[in-house]
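Here's a solo chain for you in structure tokens, the form predicted alone.
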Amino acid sequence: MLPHAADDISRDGKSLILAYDHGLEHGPVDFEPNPDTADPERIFELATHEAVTSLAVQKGLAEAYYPDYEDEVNLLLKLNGTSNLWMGEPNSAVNCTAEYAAGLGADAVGFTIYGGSNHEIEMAEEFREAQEGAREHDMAVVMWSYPRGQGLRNDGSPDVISYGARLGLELGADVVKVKYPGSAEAMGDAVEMAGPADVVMSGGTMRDDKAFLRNVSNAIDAGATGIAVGRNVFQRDEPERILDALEAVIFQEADPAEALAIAESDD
């Protein structure tokens, strides 16, 4: 990793990545709880919220919508991704190059690695090309590090998540996105394994406000620099409200109850 490489997608060393690659990765089912968010325009508008430090999308959405938001939104272009229709061993198609991302005005690139998959070797080689291409254009590199595949019995175990964090450091990511391993202590282990690379927690499936914010708070206390979140924002009826609360937890290190009170007062 390069020192300060992630500055363009962070604020005061902390980050809130609004992830919206779900239309490809999960399909329309993810928009059913809040149908308005099937319209990418709604998410680009959300990304102008003060708490959001970057927006992660695939190239088609960036081409169609980013030109209207380039002055308000930091673009994190996801270079690979595969539909949920794919039923084989975990893999991810490369849909875009770092050079193409730079041409679109991206501030950073994102890339998924499924450590432990039968396709890990080819994915690591594809990541190398993306990482080195990003370096040529001074863009940060964010790794979605999700160990999974036939060789893993429990891809959510703390040891496996820490290994995923270490993969990010070893392969040259500036920021590593990992699942929440279940406790602040386990998250601290993942942060330690990532060394100087920033660690952000995956938002995961939607949970109630208090449980979600408590996990985020625990992750921050353990040394994580923020969160990469999609469904826990855009599936809510009032996504701006949870963004207000996340801003308080991540950037002000407020207690979740205090953060919710702040969000309610902003309504």
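Residue numbers here begin at 1 and follow the sequence given. Predicted model, so just to flag it, every value in this text is computed and none were measured.
The next section is about a form of this same protein that is not shown, the form predicted in complex with another copy of the chain.
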Just to confirm, with a 4.5 Å cut-off on non-hydrogen atoms, which of 221, 240, 70, 63 contacts another copy of the chain in the predicted complex? 63
Another copy of the chain in the predicted complex: within 4.5 Å of a heavy atom of each of 85, 128 and 196? yes
Residue 26: heavy atom within 4.5 Å of another copy of the chain in the predicted complex? yes
Although the partner isn't part of this model, could you tell me whether residue 188 comes within 4.5 Å of another copy of the chain in the predicted complex, counting any heavy atom of the residue? no
Taking heavy atoms only, is residue 184 within 4.5 angstroms of another copy of the chain in the predicted complex? no
Could you tell me if residue 171 has a non-hydrogen atom within 4.5 Å of another copy of the chain in the predicted complex? yes
Note: another copy of the chain not shown here; in the predicted complex, the stretch from 27-35, 45-53, 225-233, 201-209 having heavy atoms within 4.5 Å of it is 27-35
Does anything in 36-60 come within 4.5 Å of another copy of the chain in the predicted complex by heavy atoms, and if so which residues, in order? 38, 40, 58, 59, 60
